[in-house]
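One chain comes next, on its own, written as structure tokens: the form predicted alone.
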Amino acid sequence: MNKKSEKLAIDNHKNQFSKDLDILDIDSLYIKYLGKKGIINSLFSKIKNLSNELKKDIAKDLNNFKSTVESEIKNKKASSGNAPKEHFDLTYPVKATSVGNLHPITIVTRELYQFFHYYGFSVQGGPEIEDDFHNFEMLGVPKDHPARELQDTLYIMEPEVLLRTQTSSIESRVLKNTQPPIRFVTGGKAFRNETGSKSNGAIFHQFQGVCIDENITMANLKWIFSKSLKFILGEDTKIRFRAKYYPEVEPGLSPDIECTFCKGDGCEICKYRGWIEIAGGGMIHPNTLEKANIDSDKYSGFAFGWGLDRIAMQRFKIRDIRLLINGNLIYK
């Protein structure tokens, strides 16, 4: 190779660039001449094959060509901003953009599913419109039971068709159709006729869990409560357990967590108690097992229900439960 032939090759590309400048768009020009596999990089790669006396002159000429290309592309880009807009096809596919984030309740639900899946729990589902038997009677709450007064039920066709007041109704259905060992969790909406406040609502979310096997005790329930609460809220979460009555279980307990808003001093979120009731559970009543044709002498089990809304409030520092479902996109 000699200097004349190399300069001729560069000159040919210069002439072609002058033509392409009027024909090609900015992106095509850049890719063709300045891209990683473009003409200029290709020409530079050939310099190493030249003699030392030619390298300097050819490199100088090539650098000048590169500067010219960069300058002309820059000028074309600037002038194109003032040019009339080209017609474009509105139906042409475009790159997907991020439109938002998962809802706080969705986040904590999925994380809890992940946690319980690790410990061998499956995920089950059930209807939001329930019948009286699965929502109440199967769980030991007959029609004349005083515990019904604890839940202000929303009926669709009184007295048999209602919006479920608890996700325990899913437990009723699973137990009827499954034999031990049983381990499952489920999350979803529940409905009660309540006046909305910062910590209560007519529509709320629960997370239900059931474990039935041989030799299951209250110690198993307390362990899974402690482990899962610290998983979802942090290892420094302070937990206390209180004995509490629930018609579906015997005995029953409730884990409370120290309020993360006031650190136990008392505030409007925790109703100035310093603690927030976050869940409830206990040992499944033998009568419920027998109704599901499960031998209560051989098997025992626990059931629990979490308030997902309160978990999300504590996790994401949301001071009003109503903000979770009011559609306010501005709230942060």
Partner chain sequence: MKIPLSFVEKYIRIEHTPKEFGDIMTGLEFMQDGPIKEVDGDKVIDLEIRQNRPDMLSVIGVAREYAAYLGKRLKYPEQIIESEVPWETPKGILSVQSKENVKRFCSVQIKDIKIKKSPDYIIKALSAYGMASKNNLIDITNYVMLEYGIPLHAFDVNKLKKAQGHSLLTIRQAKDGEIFETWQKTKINLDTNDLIVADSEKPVAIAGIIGGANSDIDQSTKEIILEAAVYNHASIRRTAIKHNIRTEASLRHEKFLNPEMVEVAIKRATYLIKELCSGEVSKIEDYYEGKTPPKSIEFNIFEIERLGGIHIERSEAVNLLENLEFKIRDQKEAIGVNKDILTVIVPNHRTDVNIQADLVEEVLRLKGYEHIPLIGISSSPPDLSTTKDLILEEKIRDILVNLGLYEHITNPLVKFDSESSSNQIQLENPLNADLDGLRTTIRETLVPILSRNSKAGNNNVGLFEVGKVYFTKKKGSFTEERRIETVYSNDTNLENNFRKKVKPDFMTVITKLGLNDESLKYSSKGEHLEYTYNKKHVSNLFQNGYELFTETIKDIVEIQNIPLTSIESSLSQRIVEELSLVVSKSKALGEISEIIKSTKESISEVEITDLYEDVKLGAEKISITVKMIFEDSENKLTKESVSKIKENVIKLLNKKGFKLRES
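These numbers come from a predicted model, not from an experiment. If you superpose the two forms and keep the largest set of C-alpha atoms that fall within 1.5 Å, you have the rigid core. Residue numbers count along the first chain shown, from 1.
Below, we refer to the form predicted together with its partner chain, which is not included among the displayed structures.
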### Query
Since the chain is shown here on its own, which stretch among 66-74, 52-60, 31-39, 278-286 would lie within 4.5 Å of its partner chain in the predicted bound form, judged by heavy atoms?
278-286
### Query
Within a 4.5 Å heavy atom cut-off, is Ile232 in contact with its partner chain in the predicted bound form?
no
### Query
Are any of the heavy atoms in Lys189 no more than 4.5 Å from a heavy atom of its partner chain in the predicted bound form?
yes
### Message
Test of understanding: in the predicted bound form, would Val99 fall inside 4.5 Å of its partner chain by heavy atoms?
### Response
yes
### Query
Is Phe207 close to its partner chain in the predicted bound form, meaning a heavy atom pair under 4.5 Å apart or at it?
no
### Query
Once everything's superposed on the core, is Trp275 shifted 2 Å or more at the Cα between this form and the one not shown?
yes
### Message
Taking 2 Å as the cut-off, check whether the CA of Lys298 shifts that much or more between this form and the one not shown after a rigid core fit.
### Response
no
### Query
Taking the rigid core as reference, does the Cα of Glu248 move 2 Å or more between this form and the one not shown?
no
